[in-house]
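In the block that follows, a single chain appears as C-alpha cells, in the form predicted on its own.
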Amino acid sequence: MAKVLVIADIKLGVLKSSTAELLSKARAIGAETAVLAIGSDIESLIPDLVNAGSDTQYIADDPGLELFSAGPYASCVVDAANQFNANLIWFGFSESGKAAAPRVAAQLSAACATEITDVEIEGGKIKVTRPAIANKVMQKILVNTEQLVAVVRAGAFEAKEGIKGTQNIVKLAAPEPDLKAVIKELVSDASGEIDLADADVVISVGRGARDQAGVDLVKELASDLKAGFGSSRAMVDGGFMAHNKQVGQTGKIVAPTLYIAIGISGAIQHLAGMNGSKVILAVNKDPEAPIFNVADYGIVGDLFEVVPILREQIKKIKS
C-alpha cells in the first residue's frame, strides 16, 4: 500500500483548504495517510488535521519554527517521512513548499516533481501528470525511484465531504537551526488586499484598461465582490500593478472558484496561471480574443461600459 505524507499548509495559524484536498486525493488512490504540521504553538490545529482526513499527525512545534526557513523545515519533513516510511511526500502549491521540496528530495535521494496535477499507482510504480511548455502539453511521467517528493498544482485535487481521519499524534524533535541562513523577519504586503492564493474570487485586469483610471475602475469591482485583485503581465510591465499581483506563468498560479478576466486577451503565459479556475468569466471587446476559448462565460464589450453595469447589478443583488 502507498503511504502519502502531506505537508500541512498553515498560514497565520489557520490550516488552508489545500491540505484537505491533498489528503482526499491520497485516500482516493487507496493510500495510507499522514500529515505533518510545522510551526510554533500549533497543537490547537490537531482536530483540523484529523478532520482533513489524516490517520497520523506528525507535529513539529517549536518557537524556532515560527518563521519559515527552508533548512529546518526540510529537516522536519525528512524526519516525518522516515518515521512514516512514506513513498509519496506532497506539498501544496506555496512558496514554502517550492523552496523546501528540492531539499527534501535531495536528502531522501528521491525524485522531485513540481506542479503535478494527477498521481497514479500502477503495478507498484508511481506515475504523475504535470503541464509543460506553458500548459501546451501534459506530461505523463514514470517515477523510477521508490520515493517521490511533489509540489501539487493549485486546485488540482478536490476535497471530498464527510472524510475524517483518526487521531494518532507523533511529536517530532526540534530540528537543528540553519547556521547558513537566519530568518530575522517576514515582511508581508501592507496594502491590506486579499492574497490571490487565498481568494475564492479573483478579478484580473489587463491591457484593455489602458491607464490607471481603468485599473482603478476594475479594482472597485474587485472591492465590491471582496475579491483578490490581480493583473496580466502587461499591466505589471507598464507600472500600473505590482509584480506580486501578476497572474501567469511567471507570476502567481491561482485556482479560485470564480476568475474574472477583464481586458485580458489571453496569452498562453497568462492562461497557464489561471486555467485551473472552476468558473472563468471574460470581458473583452475583441470577440476573437483567445481568452474566450477557455472562458465558461464571455462578455464582448468595452470594459469601461461593462464594468459599471456589473457593479450596478452586483449592488442590486446585495441590496
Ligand SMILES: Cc1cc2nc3c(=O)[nH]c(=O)nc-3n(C[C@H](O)[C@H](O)[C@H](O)COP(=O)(O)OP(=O)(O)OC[C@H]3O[C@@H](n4cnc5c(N)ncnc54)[C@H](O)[C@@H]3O)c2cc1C
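Whichever C-alpha set is largest while still superposing within 1.5 Å between the two forms counts as the rigid core. Quick note: we count residues from 1 along the sequence shown, nothing fancier. All figures in this text were calculated on a predicted structure; none of them were measured in a lab.
Form predicted in complex with this ligand: not shown, discussed below.
Exercise for the section: Please determine, with the chain shown alone, which of 28 to 36, 41 to 49, 57 to 65, 248 to 256 has non-hydrogen atoms within 4.5 Å of this ligand in the model of the complex. Expected result: Within 4.5 Å of the partner lies stretch 248 to 256.
Exercise for the section: Let me know the one among 207, 103, 153, 219 whose heavy atoms come within 4.5 Å of this ligand in the model of the complex, would you? Expected result: Selected residue: 207.
Practice task
With this ligand left out of view, choose which of 289, 70, 281, 294 has a non-hydrogen atom within 4.5 angstroms of it in the model of the complex.
Solution key: Filtering the options by heavy-atom distance leaves 289.
Exercise for the section: Would you confirm whether the three residues 201, 224 and 241 all fall within 4.5 Å of this ligand in the model of the complex, going by non-hydrogen atoms? Expected result: So, no: the whole triplet misses this ligand.
Practice task
Flag residue 260 as yes or no: does it have a non-hydrogen atom within 4.5 angstroms of any non-hydrogen atom of this ligand in the model of the complex?
Solution key: Residue 260: no, not in contact with this ligand in the model of the complex.
Handout entry: Contact flag, residue 265 vs this ligand in the model of the complex, heavy atom cut 4.5 Å
Key = Looking in the model of the complex, residue contacts with this ligand include residue 265, since a heavy atom lies within 4.5 Å.
Practice task
Classify residue 308 as contacting or not contacting this ligand in the model of the complex by the rule of any non-hydrogen atom within 4.5 angstroms, answering yes or no.
Solution key: No, no contact at 4.5 Å.
Handout entry: Any non-hydrogen atom of residue 234 within 4.5 angstroms of this ligand in the model of the complex
Key = Yes, residue 234 is a contact residue.
Practice task
Could you list the residues in 289 to 306 that come within 4.5 Å of this ligand in the model of the complex, counting only heavy atoms and keeping sequence order?
Solution key: In sequence order, 289, 301, 302, 303, 304 come within 4.5 Å of the partner.
Practice task
Classify residue 207 as shifted (yes) or not shifted (no) between this form and the one not shown, where shifted means its C-alpha moves by 2 Å or more with the rigid core superposed.
Solution key: For residue 207, whose C-alpha is compared between this form and the one not shown after core superposition, the shift is 2 Å or more.
Handout entry: CA of residue 10, rigid core aligned, shift of 2 Å or more between this form and the one not shown
Key = The answer is no; the displacement is under 2 Å.
Practice task
With both forms fitted on the core, give yes or no for whether the Cα of residue 43 moves by 2 angstroms or more between this form and the one not shown.
Solution key: No, the C-alpha moves less than 2 Å.
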